[in-house]
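Okay, here we've got a single chain as C-alpha cells, the form predicted alone, with questions on binding and movement later.
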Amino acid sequence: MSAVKENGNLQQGPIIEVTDLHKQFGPHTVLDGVSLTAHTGDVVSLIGASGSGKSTLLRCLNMLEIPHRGKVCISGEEILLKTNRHGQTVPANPRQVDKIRTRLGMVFQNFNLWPHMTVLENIIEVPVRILKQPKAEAIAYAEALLEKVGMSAKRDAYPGFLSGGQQQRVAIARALATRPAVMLFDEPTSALDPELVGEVLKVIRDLAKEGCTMLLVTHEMSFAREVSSKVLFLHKGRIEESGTPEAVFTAPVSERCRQFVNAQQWKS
C-alpha cells in the first residue's frame, strides 16, 4: 500500500490535496478555508473539540458532504463541482465521484454494515457489484482481509451477532476490499465500549506499519501521537495547528491547541 498507481503509472505528488475548503450548514460555518496535503504513506490525524469540523472535512473528501467553495484533488484529479439552478453546489460529474470514491476507503463511527448480509457478503458487495470483479477473486481477497483483521472465523456470521469491535474490524476489511489509495477513519472507536477499543486500534496500527495512507479523525490522543506522521488541530472550522506529533503534543504554538492537548492529557 505504499504506492499509488493509476492505469499502471506511478502517481506523483500528493494523494490528497485540499485547497481553501469552505462548508456551511445553514448560517453555521463548519469549514472556513481549510487546506491540507497528504502523500503516500502519510498518517494524518485530525484532532480538536467536537464541532470543530473534523468529520465534515473527512466527508467532503469523498463528497458525502459537498463543500460550498474550494478544491479537492484525489491522486492528482480534481473533483469537479458546479452550481445548479437552485444555487446549490453539486458534483459536476456523478460518475467521477463514484470512481474517486473507490480510491477512498471510508470507515464510519457506527460501522454501517448491511445487516441482511453476512460478513463475507458485506466485504465482496462493492468489488463484485460496482467494480465488476470476478466473484471468486473478490472472495479470495475478502478472506485474506478477514485474516488480516482477525475475523476469519466470523465470515458467515451476520453483523447483529457481532460485538461492536468485531463489526468495526469487518468494516475496515470492507473498506480495504476496493484496494483504496487512502483510508479515511471517522472516529472509528467512538461508538465502542472501552474494552473493545484496543482491538480496533491494533488493526489501524498494523495498517500504518504497512505504509497505508490514512486520514484519521480521533479522540484517542496517545494513539494519534504514536501512529501519525502529521497532526492537524482544528478549531472553529480552521486548521489552527499543524505539525509532527512531537511538535503538536509537546510544544504547540496555538494557545487553544495547548489548552486542548493539556485537557486531553488530564483526562488520560
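Residues carry their position along the shown sequence, with the first being 1. Just so it is clear, the model here is predicted, and its values are computed rather than measured.
Just so it is clear, the following notes concern the form predicted in complex with a small molecule, a form of the same protein that is not shown.
K.L.:
Are all three residues 25, 52 and 56 in contact with the small molecule in the model of the complex, where contact means a non-hydrogen atom within 4.5 Å?
P.N.:
So, yes: the whole triplet contacts the small molecule.
K.L.:
Are any of the heavy atoms in residue 32 no more than 4.5 Å from a heavy atom of the small molecule in the model of the complex?
P.N.:
It does not: once the small molecule is placed as it appears in the model of the complex, residue 32 has no heavy atom within 4.5 Å of it.
K.L.:
Taking the small molecule as it sits in the model of the complex, is residue 65 in contact with it (heavy atom to heavy atom, 4.5 Å or less)?
P.N.:
It does: once the small molecule is placed as it appears in the model of the complex, residue 65 has a heavy atom within 4.5 Å of it.
K.L.:
Looking at 238 to 246, 203 to 211, 44 to 52, 222 to 230, which stretch has residues with any non-hydrogen atom within 4.5 Å of the small molecule in the model of the complex?
P.N.:
Within 4.5 Å of the partner lies stretch 44 to 52.
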